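We begin with a single chain expressed as structure tokens, specifically the form predicted on its own.
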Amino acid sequence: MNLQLTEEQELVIAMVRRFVREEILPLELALDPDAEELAPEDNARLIEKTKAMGLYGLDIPPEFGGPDIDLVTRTLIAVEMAQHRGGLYVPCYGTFGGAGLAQLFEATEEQKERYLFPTLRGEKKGFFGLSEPSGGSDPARAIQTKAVQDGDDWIINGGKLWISGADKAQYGLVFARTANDKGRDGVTCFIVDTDTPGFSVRRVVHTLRSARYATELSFEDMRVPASNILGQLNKGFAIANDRLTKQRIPYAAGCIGVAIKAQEMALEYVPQRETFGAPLSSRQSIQWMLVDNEIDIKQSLWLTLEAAAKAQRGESFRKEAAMAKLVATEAGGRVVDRCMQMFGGLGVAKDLPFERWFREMRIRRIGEGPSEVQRHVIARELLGSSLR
């Protein structure tokens, strides 16, 4: 794989880096340490800037109005976009836009008119409803939400857990079992309006993040028309699996971006901080921390770029995406932890972003499939049918 960036890639990356440092970082000085939104006027102003840069809606295909930027370059941009306090969960506070639920690009024309296009225009928000209380790590087998056909409709009963944004969404993708004897081939994806009778947000689930939370959903005799099936009947898990695999690349990239920023801050700090008459940078223990950080960052970055390159070429990248997600989330956590140690008491204070990164990095080892599941995916790719 060629790791030499083109002149165009270097230009785009420099633009994003400058945007983060000149626009985002100064605004964060006045924000709450756990903020996840900018003031409306700042948000609108910065969206106009990213549009002028030609980088708004990076994940939107060109045929739907997005910029024509390859996946490797988008991955490098994602690394840059994460290099600020709120960058791990809300890179640049959403000012670069996004595709929302990318699965809708494969929807029917009617579904696109009702859900995709309003989402791209910012008029609607959606949620991704896969995980259930019975277990999120093996969703295909854990899905107990059931859909039973009734004429031209389907009646859905069950619930979902760990769903982000459902309380503020107008619709969502809900995965339900439509055939009990077909395993993964018995799951169907339904587009569900949140004002549908029988749909309810049972509770908000607060997590390690101070500001972020998940929701638990309940479906009681919720009637959904057959026209709201996304994709094919009983083939919904393929939609979920495709989303999970692709999402692991930007997920890893965000961790790398935060690790790079944490390392940059440590490299600036340790030569200036003196202990017992000598700068911290003279201590071998500190030097080794910085070295280990650099190795963790490089390994994560190269694995993630390899996954992006294979995906871009249209090759199978399931194993590489799992490796990138596994390594980047675990290595990113180690980098942040070491940097906190180097900063001492200041490292755990909300004056600096380390404590927020530390909390959010811990969640990253679980979200989009925990580390143990990634290892299982990799093992299955290596051993094939011999793994039972």
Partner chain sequence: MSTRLNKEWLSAQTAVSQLSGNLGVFQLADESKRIIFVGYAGGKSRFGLKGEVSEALQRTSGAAFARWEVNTAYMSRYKELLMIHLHDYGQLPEANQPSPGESVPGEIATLGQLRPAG
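These numbers come from a predicted model, not from an experiment. Positions refer to the first chain, counted from 1.
Below: the form predicted in complex with its partner chain, not depicted.
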Between its partner chain and Ala179, Lys319 and Val373, in the predicted bound form, does every residue show a non-hydrogen atom at 4.5 Å or closer? no
Sort through 340-348, 59-67, 35-43, 322-330 and report the only stretch with a non-hydrogen atom within 4.5 Å of its partner chain in the predicted bound form. 35-43
If you check in the predicted bound form, is Ala30 within 4.5 Å of its partner chain, heavy atoms only? yes
Can Asn234 be called a contact residue for its partner chain in the predicted bound form at 4.5 Å between heavy atoms? no
I'd like to know if Asp242 sits close to its partner chain in the predicted bound form, meaning any non-hydrogen atom pair within 4.5 angstroms. no
Is there a heavy atom of Val204 no more than 4.5 Å from a heavy atom of its partner chain in the predicted bound form? yes
Using heavy atoms only and a 4.5 Å cut-off, determine which of Glu306, Asp167, Asp193, Glu294 is in contact with its partner chain in the predicted bound form. Asp167
Heavy atom within 4.5 Å of its partner chain in the predicted bound form, from candidates Ser281, Ser134, Ser200, Gln247, belongs to Ser200
